[in-house]
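This document opens with one chain alone, in structure tokens, the form predicted alone.
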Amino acid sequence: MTGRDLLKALSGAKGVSGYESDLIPLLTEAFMPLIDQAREDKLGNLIMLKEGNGPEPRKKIMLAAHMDEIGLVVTGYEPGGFLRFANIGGIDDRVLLAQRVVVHGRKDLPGVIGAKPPHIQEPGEQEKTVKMEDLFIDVGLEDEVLEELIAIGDMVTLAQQPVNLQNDRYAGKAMDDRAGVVVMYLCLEVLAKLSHSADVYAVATVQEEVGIRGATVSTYDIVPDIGIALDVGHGDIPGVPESDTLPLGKGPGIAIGPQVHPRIYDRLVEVAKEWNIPYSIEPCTTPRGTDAFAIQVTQAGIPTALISLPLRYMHTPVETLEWKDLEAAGRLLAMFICAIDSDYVEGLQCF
């Protein structure tokens, strides 16, 4: 499987926060040729180890990218064969109307999200966003059959398969942050051809979208010497200041801010310059919102960094990115890992 194949497969697969288990076989099969061990922890994180060739005890570098996606959950029935629902994670109400979905009941059922058409709306309704409580899912079944096949609490995902755009770009659901998982894959592909002294833990984390839970427990498990979170940043679009975005096609963002150890930031920039890897600087004023925060504050504290992939239209079914940014991020991580030795890690104990 190539990295591009993996990106497409992951984007099209289901794995709402808390229900990521269907992704484990796909990831295990894809990563196994590149790693020495793989295991699933009690929360559902997939922890994959590529051993280094340094003397034991080896230093440990943890890469973390969350594999969960935002989604919906069935909350009730309406007469006539309709389903009410709520969100899991930060879905924007504005993108839901007229979406195709899959309801994961006793069997997977295709459905659509509908609402009152404009012809029969009350005066003024057409000028307002349709709220989630005014939307419903229609799978085409009558009440009795519907309640046999779909239970309250069943998951719902958006029925969106990835598409290729021009300029080697991809659009689809769940690129946040399965693209980060693919970056770990690309990093390990590069490391397979190189020598590195540290053990590398590539962790596909769970439940990031509902509270960075997977990164919290997996970091406690591993207790790495260095942790690097891989996530997405807002790609450049009209109407958003350049200072708040990352340009597509110009490499990953290297974050700087309170969740980032300054010496790791400096080394990442040095490596990018040394190997002519394109990058942007991403100022992050708040530590929360990514797995980086969970890694940073584990136990007595972990020296942490954050790498962000430029992504347009975040938390929609058409999240858009450019392939060469993933390649650049994977290469940057691999060359950084190869440059790490015990002396560098010991030097992180002081600023």
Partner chain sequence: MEKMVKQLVEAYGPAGEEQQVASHIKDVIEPLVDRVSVDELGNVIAIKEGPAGAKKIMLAAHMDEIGVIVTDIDDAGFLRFANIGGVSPFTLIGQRVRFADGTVGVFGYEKLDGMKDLKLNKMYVDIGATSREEAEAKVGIGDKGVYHREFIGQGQRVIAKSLDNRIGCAVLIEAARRLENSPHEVYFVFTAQEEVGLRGARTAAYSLDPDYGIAVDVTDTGDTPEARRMAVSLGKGAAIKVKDSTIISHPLIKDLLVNTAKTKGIPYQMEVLERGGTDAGPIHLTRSGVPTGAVSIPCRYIHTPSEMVDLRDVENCIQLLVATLEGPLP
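Residue numbers count along the first chain shown, from 1. Quick caveat: nothing in here was measured; it's all calculated off a predicted structure.
Unshown form predicted together with its partner chain; subsequent notes refer to it.
Among the candidates 273, 263, 84, 94, the residue which, in the predicted complex, approaches its partner chain to within 4.5 Å (heavy atoms): Flagged contact: 84.
Its partner chain in the predicted complex: contacted by all of 101, 110 and 164, heavy atom 4.5 Å: Contact check failed for every one of 101, 110 and 164.
Partner proximity in the predicted complex: residue 221 to its partner chain, non-hydrogen atom cutoff 4.5 Å: Yes, contact at 4.5 Å.
In the predicted complex, residue 157 touching its partner chain (heavy atom, 4.5 Å): No, no contact at 4.5 Å.
Proximity of residue 34 to its partner chain in the predicted complex, heavy atoms at 4.5 Å: Result no; residue 34 lies far from its partner chain in the predicted complex.
Residue contact check: residue 213 to its partner chain in the predicted complex, 4.5 Å heavy atom: Taking the distances in the predicted complex, the answer for residue 213 is yes, it comes within 4.5 Å of its partner chain.
Interface stretch in the predicted complex with its partner chain - options 275-283, 145-153, 238-246, 187-195, non-hydrogen atom within 4.5 Å: Going by heavy atoms within 4.5 Å, the stretch is 145-153.
Residues within 4.5 Å of its partner chain in the predicted complex, restricted to 1-39 and counted by heavy atom: Read in sequence order, the residues that approach its partner chain (within 4.5 Å, in the predicted complex) are 17, 18, 19.
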